[in-house]
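Have a look below at one chain only, the form predicted alone, in structure tokens format.
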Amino acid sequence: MPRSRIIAGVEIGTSKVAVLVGEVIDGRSLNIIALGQATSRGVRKGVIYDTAAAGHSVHAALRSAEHNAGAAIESVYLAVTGGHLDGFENSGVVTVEDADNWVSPNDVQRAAQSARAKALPDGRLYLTHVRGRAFLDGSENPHPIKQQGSKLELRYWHIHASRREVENLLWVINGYNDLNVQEVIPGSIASGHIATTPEERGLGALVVDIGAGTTDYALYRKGKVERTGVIPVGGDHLTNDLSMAFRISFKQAESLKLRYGTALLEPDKSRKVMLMGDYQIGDRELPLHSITRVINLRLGETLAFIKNKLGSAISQQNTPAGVLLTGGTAQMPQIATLGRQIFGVETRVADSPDWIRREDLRSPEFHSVIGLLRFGVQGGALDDVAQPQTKSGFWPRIGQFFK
């Protein structure tokens, strides 16, 4: 009989908690069987500031997901984001041991260990070591094993996080029936591998995931994650800017954004729209040009920050597959056009993979949580991501920090 296990991808966002349940059969195939969601509480810019409130939201989403699935979740793959995430490149360089300079798997392992050996400051925790390009005697060589050379270099992008913030996430999940967190995965990598195809990653691409509280990005080059980052700005900041500009409530501003928001300026400065549209007391006219200007400025500033951060890495030569936008805010009209103006390369809203048949999951806001399930099926590989593996998952690996 086929062996199966029930896993869940969990994304604790600023606006909502999403739990996607999948059945993994024989460790290879995945059936997505249920979705559970709840309004997020106690979370700001991807970081938990009230564990009790966040716990209620997360547990409500987990209960909903299990009810819809008709099965108990066995383990969780958890997305992490927030301004506390950081990364750096560090290489491991070793001399090939063989007398005739033939590279062995042991040489690759020693180079990988050397690259990961850098100590972190107190309060920091490694999440992921992402293997990048390999070089043999200074020349790029993607498959160095059984090749001849004297010096092997492996480049890694190392992602680390605040130990306290990760602990809070784990406590919240573990508080639901002692549920086990198998892996904690940067949201940029989870969404990036769903928003792109292997061919696009091979050519070179940038994925920008704009959520409610944060914007995560992942840069791919020659099929590898070369760099990631998080900006603590997202769709809620557009709403907040509108609220302050027009002195209206956050709820009114959110409605205004959803009804009239666009990433490009409205050219007709005389065009007016109604704040509420019900012509009741308090309703009033607002200039559409001003609404779009507020949104255009904030979105443009966010995308320009990424462009300036990555510099020449974003170009027709280095990222011929262009920029792919994902996340809930990627549904903003004209955002791809704004992206093309800022990045100077082809920009589009990422499509969902063809194997996602459920229409309610084809929105870009679910790319990250779908990516978590894919990570679970592939056993922590995702083509180029290396994490230490244990039978008990991520929780025991940081259990020492709770003592």
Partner chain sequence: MNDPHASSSGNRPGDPFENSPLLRIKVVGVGGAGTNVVDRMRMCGDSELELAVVGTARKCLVDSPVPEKVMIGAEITCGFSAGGDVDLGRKAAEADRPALQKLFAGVDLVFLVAGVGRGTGSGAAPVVAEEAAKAGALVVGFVLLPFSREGSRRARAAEEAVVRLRNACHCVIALPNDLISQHTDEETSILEALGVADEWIRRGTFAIASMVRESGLINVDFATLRQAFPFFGGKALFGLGRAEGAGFVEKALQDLALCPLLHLPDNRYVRRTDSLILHLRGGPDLTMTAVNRVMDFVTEKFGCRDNTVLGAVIDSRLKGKLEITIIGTVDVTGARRPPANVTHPPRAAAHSPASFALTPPAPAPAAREPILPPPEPELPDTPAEIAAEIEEPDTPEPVAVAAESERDSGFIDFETGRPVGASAPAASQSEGRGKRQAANEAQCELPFPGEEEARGHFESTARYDLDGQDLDVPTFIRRHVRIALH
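If you're wondering where the values come from, they're calculated on a predicted model, not measured in any experiment. Residue numbers count along the first chain shown, from 1.
There is another form of the same protein, the form predicted together with the partner chain; it is not shown, and what comes next is about it.
**Student:** Please state whether all three residues 44, 287 and 305 have a non-hydrogen atom within 4.5 angstroms of the partner chain in the model of the complex.
**Tutor:** Yes.
**Student:** Counting only non-hydrogen atoms, which stretch in 316-324, 248-256, 174-182, 116-124 is within 4.5 Å of the partner chain in the model of the complex?
**Tutor:** After filtering at 4.5 Å, what remains is 248-256.
**Student:** Between the options 147, 91, 243, 168, which residue brings a heavy atom to within 4.5 Å of the partner chain in the model of the complex?
**Tutor:** Spelling it out, the residue with a heavy atom inside the cut-off is 243.
**Student:** Just give me the single entry in 276, 233, 71, 112 that has a non-hydrogen atom within 4.5 angstroms of the partner chain in the model of the complex.
**Tutor:** Among 276, 233, 71, 112, a heavy atom within 4.5 Å of the partner chain in the model of the complex occurs only for 233.
**Student:** Using heavy atoms and a 4.5 Å limit, would one call residue 309 a contact residue for the partner chain in the model of the complex?
**Tutor:** Yes, residue 309 is a contact residue.
**Student:** Can you tell me if residue 49 lies within 4.5 angstroms of the partner chain in the model of the complex, counting non-hydrogen atoms only?
**Tutor:** Residue 49: contacts the partner chain in the model of the complex.
**Student:** Although the partner isn't part of this model, could you tell me whether residue 294 comes within 4.5 Å of the partner chain in the model of the complex, counting any heavy atom of the residue?
**Tutor:** Within the cut-off, so yes.
**Student:** How about residue 227: is it within 4.5 Å of the partner chain in the model of the complex, going by heavy atoms?
**Tutor:** No, residue 227 stays farther than 4.5 Å from the partner chain in the model of the complex.
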